[in-house]
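In structure tokens, one chain follows: the form predicted alone.
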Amino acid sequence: MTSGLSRSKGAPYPPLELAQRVCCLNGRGDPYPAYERLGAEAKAALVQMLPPDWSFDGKRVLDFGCGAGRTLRHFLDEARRAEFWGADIDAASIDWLGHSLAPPLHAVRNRTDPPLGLDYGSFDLIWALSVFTHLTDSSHAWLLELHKLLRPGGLLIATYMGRWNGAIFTDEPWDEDRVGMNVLRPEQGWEVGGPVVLMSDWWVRAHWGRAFEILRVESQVHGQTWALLRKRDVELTPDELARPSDDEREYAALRHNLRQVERDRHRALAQLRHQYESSLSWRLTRPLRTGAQLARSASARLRQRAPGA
């Protein structure tokens, strides 16, 4: 365990299958110490992002996209003097959390789209770690749902991927001017991580800044950019949040994203074809396909030679 990080003090661990759903633990050594360390690092980063005078006493807090509570398990002490909620779309994770760490925690399962079903204007702090890194069509609606859940002046800490790891997903150098909110692998299933969403700092300020005052933006842990936001007293629709700004980079980013998606599609099709053609069934049936092709060729030659052809 890294020195100075919190420990979750003997709280039960979820089944390894659930622990793996929020982050791949392969290659990190013993999986549960790795799970513990990642949660502790997330807590340390969250606390560091908060204003110096922040206190959890009497607050209402939401971890949106909590999984089985990898981060929340490190706030069990604070949860005895504040109200901590976890929300996630994964039923198995929420069921485990509700049965194993509640009380003092509270757990609720969310659907694919808002609303969440909790009282608006009731939370002092919400965090969403590695959530907007994967949301596509519902991204703006969920950001505004979190905005509604916050009290006036409430705080949101949200992470996004971009300059620090964009090259990993695109195989090209990071270029801030060609990235707005760029969606990669939009059809990728959640069992292999789901879609990948990259955001540039200027795009976040232009769009998220319509609903929130951006207090702080930093690269923190796990290669993502962390933003501390304060709720603005505004009412917006998802379309208003998504509307392109006057920045010319908006359209350059859209054009580049189309090229990225098309390239990913061709790459995925090539991989699928390679897997299929290297399969046992493909190899076993090769003589049949060859024979059928020869028969078609011979039939065509006969038709060409026939009288009147």
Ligand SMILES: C[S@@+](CC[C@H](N)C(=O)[O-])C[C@H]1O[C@@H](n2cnc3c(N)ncnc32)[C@H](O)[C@@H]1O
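Note that residue numbering follows the sequence shown and begins at 1. Only a predicted model underlies this, so the values are computations on that prediction, with no experimental measurement involved.
There is also a form predicted in complex with the named molecule; it is not shown, and the following applies to it.
Listed residues L129, L150, L229, V179 were compared with the named molecule in the predicted complex; L129 is the one with a heavy atom within 4.5 Å. Think of it this way: in the predicted complex, the named molecule has a heavy atom of just one of L118, L76, I157, L135 within 4.5 Å, and the residue is L135. Of the candidate stretches 196-204, 233-241, 105-113, 77-85, only 105-113 contains residues with a heavy atom within 4.5 Å of the named molecule in the predicted complex. For the chain shown alone, E145 is not a contact residue for the named molecule in the predicted complex, no non-hydrogen atom being within 4.5 angstroms.
Of the heavy atoms in D124, none are within 4.5 Å of the named molecule in the predicted complex.
In the predicted complex, the named molecule sits within 4.5 Å of a heavy atom belonging to C66.
Though the partner is left out of this view, I168 does not reach within 4.5 Å of the named molecule in the predicted complex, counting heavy atoms only. Annotation for 14-53: interface residues with the named molecule in the predicted complex are R21, V22 [heavy atom within 4.5 Å].
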